[in-house]
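In structure tokens, the next block holds one chain alone, the form predicted on its own.
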Amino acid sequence: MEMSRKAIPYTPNPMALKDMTIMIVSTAGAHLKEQNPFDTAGDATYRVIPGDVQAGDMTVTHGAPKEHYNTDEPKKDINCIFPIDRLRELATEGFIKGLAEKHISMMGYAMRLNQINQETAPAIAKEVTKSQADAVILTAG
């Protein structure tokens, strides 16, 4: 099926949320502190975040001007852009089945649209497919 450039394809999911494993895909520039930070001059790469990550092991690097995306608060609590602890709470309470074994993050202010469209987005789509997550939460900074 060819992707439409004018509309986002809608695919209804018949599963109940309580039976779904959820994956986070973010363009907020979140990454592990031990991973290479994103190149704020333009970076079309992505980082794989393990599903068992601790929020305190994460930080954010983003090239957007501070008046557009102030990373001060996400650096204090990564959950405001990458809600890993909130999803764990939802799993504990039975609202969702659980979290995927990995999550994906990239920096949205990359400005390399051809590379993102032709390389990064297809690679991320493969990661999502391999993860067998039932649903994805998309977050931005």
Partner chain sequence: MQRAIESQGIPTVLITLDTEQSGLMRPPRAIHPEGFEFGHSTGKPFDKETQTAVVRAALEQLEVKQEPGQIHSKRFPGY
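Positions refer to the first chain, counted from 1. Keep in mind the model is a prediction, meaning the values are calculated, not measured.
There is another form of this protein, the form predicted together with the partner chain, and it is not shown here; the text below is about that form.
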Just to confirm, residue 33 within 4.5 Å of the partner chain in the predicted complex by heavy atoms? no
Partner proximity in the predicted complex: residue 39 to the partner chain, non-hydrogen atom cutoff 4.5 Å: no
Are any of the heavy atoms in residue 69 no more than 4.5 Å from a heavy atom of the partner chain in the predicted complex? yes
Spell out, yes or no, whether the shortest heavy atom distance between residue 112 and the partner chain in the predicted complex is within 4.5 Å. no
Could you run down 78-100 and flag each residue that has a heavy atom within 4.5 Å of the partner chain in the predicted complex? 79, 80, 81, 83, 86, 87, 89, 90, 93, 95, 96
